[in-house]
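Before any questions on how it binds or moves, here is one chain, the form predicted on its own, in structure tokens.
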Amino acid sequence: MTAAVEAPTAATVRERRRKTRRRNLRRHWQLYVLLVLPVAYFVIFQYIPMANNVIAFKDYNVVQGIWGSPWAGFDHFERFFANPVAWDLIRNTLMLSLYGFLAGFPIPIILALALNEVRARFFKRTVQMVTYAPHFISTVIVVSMLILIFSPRIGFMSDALGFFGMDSNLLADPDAFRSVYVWSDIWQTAGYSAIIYMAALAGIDVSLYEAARLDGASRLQKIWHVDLPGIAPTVVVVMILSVGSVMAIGFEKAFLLQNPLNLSQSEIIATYTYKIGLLNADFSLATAVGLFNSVINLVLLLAVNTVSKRVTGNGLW
């Protein structure tokens, strides 16, 4: 008869894991050294400054400093939500972000799928260059181009719109602000955003395409049954990250496109925080608004990741 094998105790398992970690550390110490600078950067410049969010709960003044200022509790949050413009700011931020997500999220995927089907290398590289290039143009330059294009005096688009009886000054039209913002952003970022999907497409097993061709699948059928399932994990991760930053719209572009005529829809949380915090020097209220914005993003990120894990099995962690 064979002797029964004793199950390892919890202490034995912990000791084995400890030895494995030490062995991996000695074997791959170069990789851990490479991690030192990135980790130090995030700790010093990302995590440690989070402690300063405490001024959202204080009546901060420069003389007493962050930790010497008196506590105010949730007074600044109450001030913000009691302000009549608070819900307009939240609505404008959500509407602009959701518009950008719904309009801009599928376009890089479609562009990547289309480029993956192109066989003419010169045409493919030309399209890639034309679509990638706007990403490297600064936001200030893009806004300057928009102002020149839609200017009522010298903008050719204003003349074209006026010829068809439409509003010739789109930058002064509050209802047109979101479309100008979103579609110019798509023009600037779609090509660069398609890179990650093209990389995912390049990793799909070639034998799947061969099997689809032998089964008589058309190009659209190969895209639907091979390409899309192959990039689905990447799409899910990008979608989660996009939803997680739904309230974090870029400040620069919205602020530069603002003017007194379109302020009813162009004023978002980021621009309001800038004006309250830096122009009015109300640092506690500005921090409270920014902290509220960040908490909403975190909740959305966790919620979407949880739903994605249950529905598709893919998530950030």
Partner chain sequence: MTIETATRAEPETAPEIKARKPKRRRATQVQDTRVDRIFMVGVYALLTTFLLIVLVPLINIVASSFSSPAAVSGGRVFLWPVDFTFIGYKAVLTSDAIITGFGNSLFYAGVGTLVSVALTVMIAYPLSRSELVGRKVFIGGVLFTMLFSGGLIPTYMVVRALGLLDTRWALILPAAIGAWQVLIAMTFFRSSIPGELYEAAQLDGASDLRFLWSIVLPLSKPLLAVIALMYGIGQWNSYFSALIYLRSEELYPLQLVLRNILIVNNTGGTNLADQMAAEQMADLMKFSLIVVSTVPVMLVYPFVARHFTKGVMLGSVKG
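Take the two forms, superpose them, and find the largest set of C-alpha atoms that agree within 1.5 Å; that set is the rigid core. Every value quoted in this text rests on a predicted model; they were computed, and no experiment measured them. Residue numbers count along the first chain shown, from 1.
The form predicted in complex with the partner chain is left out here; the points below concern that form.
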Exercise: N24 in contact with the partner chain in the predicted bound form, heavy atom 4.5 Å: yes
With the partner left out of view, is E252 within 4.5 angstroms of the partner chain in the predicted bound form by any non-hydrogen atom? yes
I'd like to know whether F57 contacts the partner chain in the predicted bound form, with contact meaning heavy atoms within 4.5 angstroms. no
Check whether N262 has any heavy atom within 4.5 Å of a heavy atom of the partner chain in the predicted bound form, and answer yes or no. no
Could you work out which of V182, L201, L170, I223 is the residue within 4.5 angstroms of the partner chain in the predicted bound form, going by heavy atoms? I223
One residue of I137, A86, L208, M95 in contact with the partner chain, assessed in the predicted bound form (non-hydrogen atom, 4.5 angstroms): I137
Which single stretch, out of 213-221, 96-104, 76-84, 170-178, brings residue heavy atoms within 4.5 Å of the partner chain in the predicted bound form? 213-221
Though the partner is not shown here, which residues of 185-208 have a heavy atom within 4.5 Å of the partner chain in the predicted bound form? W187, A190, G191, Y192, I195, I196, A199
Residue shift check between this form and the one not shown, rigid core fit, P49 Cα at least 2 Å: yes
Examine N280 after superposing the rigid core and state whether its CA is displaced by 2 Å or more between this form and the one not shown. no
Is the shift of P260 between this form and the one not shown large enough to count as movement, that is, does its C-alpha move by 2 Å or more after the core is superposed? no
